[in-house]
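One chain comes next, on its own, written out as structure tokens in the form predicted alone.
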């Protein structure tokens, strides 16, 4: 099976990038007419490096699969990946470089709302189609971008919709009365937690803790103490990965035992059980993806990814693959993949009215690029993370109240 060429560039400055990473001029990066070069910037170091590496694996697996199955428009795909170091200024510079100096044919989006917005602005300025795997906060869709499409089932505020509906449908004497929220100062993380908060608060569930912390926070003892002292019935974390792990460890050390514990992103990460240990039981997370989905596209994805990496894909990897699927659908429909304004506009116009079959199900978008579907709710049940909502996709019954951790 042919492996796609991937140039991962992780130099510390753009000057060092040009001199020390071996790409040379834009002509060298853009290759020839027998390949399609796709430019990407990802947080391979810094605050978002863990999910950023997952997105990288998904992109590379997609390119490998495409090349093993005839390419895109009959051409091999080659990825040029830069490391934006989880920095918003750096990600904008990266996409400027990819378009102007590396002369890429197409671009894929980065990870994290914090990085998607500046990247999407560069793409908008140059008229490039911009499909992204991980920018779900409201602010992404409030910038006026007409080239942006989010390659996942739902935006951040709607991730917990099914859980909110379930809680509010509970009998009054069983429904939680108080809730504690701790969220990273990040639009996506806050969007997931506050989407649930606002729905529960409107129904009378009191918010007793509402803390926002910087992305680089490692010491959660103070926030955990506030939550433990409140004895809130439920705790919700607007989290990425390491912050969720550290918060959970701090809460456990204080003996706090909520009836429900929900954290965005982290529980779906393959490393989460090892980091938390044997006490994952009952922890909840929204997800836009399960490797057990029977969509034809997903069966092929899981098989190919597992062959490459020895384990099933996660949500981050799936959303990256989905990004490739969405762009490929536009390319095949428009029969072009080049940086010309005419081609890029054709790609954008196609997706405006399209429904694309992907590994996360059929995707279509509103005029601002919001996907028109819903997230699943997962929970650790008997040591495995299982779908518990909606009922027609459930692999297990919701555990409530949560067992002690």
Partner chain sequence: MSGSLLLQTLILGVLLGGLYALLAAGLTLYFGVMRVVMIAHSAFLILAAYLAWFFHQQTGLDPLLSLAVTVPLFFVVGYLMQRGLISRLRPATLTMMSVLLTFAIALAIEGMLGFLFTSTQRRIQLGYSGSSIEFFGARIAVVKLIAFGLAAAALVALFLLLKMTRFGQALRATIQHPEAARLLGVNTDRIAGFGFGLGLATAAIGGTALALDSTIYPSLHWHWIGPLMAIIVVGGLGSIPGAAAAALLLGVTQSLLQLPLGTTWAQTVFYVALFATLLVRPQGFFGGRLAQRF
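Positions refer to the first chain, counted from 1. Note that this is a predicted model, so its numbers are computed, not measured.
The discussion below concerns the form predicted together with its partner chain, not included here.
- Checked against its partner chain in the predicted complex, the candidates 170, 201, 300, 254 yield a single residue with a heavy atom inside 4.5 Å, and that residue is 254.
- Put simply, of 147, 246, 280, 290 only one has a heavy atom within 4.5 Å of its partner chain in the predicted complex, and it is 246.
- The stretch that touches its partner chain in the predicted complex, counting heavy atoms within 4.5 Å, is 207-215, out of 322-330, 300-308, 147-155, 207-215.
- Proximity of residue 177 to its partner chain in the predicted complex falls outside the 4.5 Å heavy atom cutoff.
- Its partner chain is not drawn, but in the predicted complex it has no heavy atom within 4.5 Å of residue 57.
- Although the partner is absent from this view, residue 73 stays clear of its partner chain in the predicted complex, with no non-hydrogen atom inside 4.5 angstroms.
- Put simply, residue 242 is close to its partner chain in the predicted complex: some heavy atom of it is within 4.5 Å.
- If you check its partner chain in the predicted complex, you find a heavy atom from every one of 50, 221 and 225 within 4.5 Å.
- Of all the residues from 279-309, none has a non-hydrogen atom no more than 4.5 Å from its partner chain in the predicted complex.
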